[in-house]
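Provided below as structure tokens are two forms of one protein chain, presented individually as structure 1 and structure 2.
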Structure 1
Amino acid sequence: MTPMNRAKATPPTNLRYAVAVDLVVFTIRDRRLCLLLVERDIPPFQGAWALPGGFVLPDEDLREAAYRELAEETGLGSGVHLEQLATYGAPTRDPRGRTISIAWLALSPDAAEPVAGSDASRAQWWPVDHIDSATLAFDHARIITDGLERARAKLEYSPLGAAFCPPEFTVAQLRAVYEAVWGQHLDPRNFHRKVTKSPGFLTPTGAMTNADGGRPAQLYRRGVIDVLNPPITRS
């Protein structure tokens, strides 16, 4: 190793930074995609809405820290499945100092009403189309944008959409989930053809219902596959 390469391989001794977690948690309420936000009770950005999250403690695993922050700030946590979304580390993202944040994503079908705690004065489910990105704390608008795109993509290649439906559901009920997450109207006939022709996605129950109004519709259950092939793509 040359002296120059050796210098590059040596970590700087004066580097100071913190590690944090942020949580992007979506659910569907009244056929609208909603995001969990908290109102900050402490500086910086006191009084602004933000994603739940906070600093990782010295003896914590990242996932453990994410669940702790979710529980402390919103009262939620158990039963919420988290997956890593991305890492954010712009030098100026936190006015308190250099902070590296690992963002976590969750789509929770059975999300309860949040209860604020810790350094959050309020916790609330916000319809995504009612969020003013310009007023959010830190770089959370960017994190939310990334989380929303990941959530929308997950419905393309996984059967997650069916998890937001009752145990037995119609294609129209499933379509309402996709429309809420994707934020667009879907042609009923094309959607019906795609989901019913996707191998292993839906299992017919043999029963019918007129709960959607109009003519009786076939009831389905979620199939056994974990990956949709072909995917249910957006227009």
Structure 2
Amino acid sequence: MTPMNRAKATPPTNLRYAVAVDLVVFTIRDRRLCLLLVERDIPPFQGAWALPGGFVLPDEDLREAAYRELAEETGLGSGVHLEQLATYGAPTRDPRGRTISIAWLALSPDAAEPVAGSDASRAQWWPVDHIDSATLAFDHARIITDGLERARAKLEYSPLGAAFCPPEFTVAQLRAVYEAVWGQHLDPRNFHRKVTKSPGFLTPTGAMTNADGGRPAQLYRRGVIDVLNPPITRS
């Protein structure tokens, strides 16, 4: 084994980096798409808003770390959709030293106010169009942009819109999700036909609700499929 055999050798200590998870948590509140941010109470970027997150512990999987941080900083837990977004690792993205961050996209039904994290920093839901990218810590503005893009795209070809809804929901609630995420109005009648005809997207519970006034609506649960075919188009 030559000194050139770097790629396969055990890495020396100077090739080890801090590894963190960051969470891009979306929900719908008041018909608007909102993102969870926490206010940093220590340097760097003290006082700036940042994504919730933290370092990965030695014995936990990456997804576990994401779930743990989600629970610690929001009180949210099971029932929240969590998927990997991307990994950010520019050498200077963290002034404290090289840090690799695995970003996760989380979609949550409208929850109560977020609980303060264990570090007592302030956590708050922000409408996405009220977030000032320039003031965010680290490269979190970029991560949020990527998360938004992913969420918007996923509504088209996956049943993830339902992840923003409670376990049982109406077609109108689901439509409100799509309208909030895409920022555009959708025809209620065509939307209704599309989602109820999309095989496996929704399963009717048989129960009805009249919580919204007007004619009572059928309640649905999330179906079993992972890919919408045909997709729910945006236009």
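Remember, it's a predicted structure, so these values are computed and weren't measured experimentally. We call the rigid core the largest set of C-alpha positions that still match within 1.5 Å between the two forms. FYI, numbering is relative to structure 1, first residue = 1.
Remark: structure 1 matches the stated condition (the form predicted alone). With the core held fixed, residue 39 shows a CA shift below 2 Å between the two structures. Once you line up the core between the two structures, the Cα of residue 95 stays within less than 2 Å of where it was. Fitting C-alpha atoms of each rigid part between the two structures shows the smaller part swung round by 23° relative to the larger. The Cα position of residue 160 changes by 2.6 Å between the two structures once both are aligned on the rigid core.
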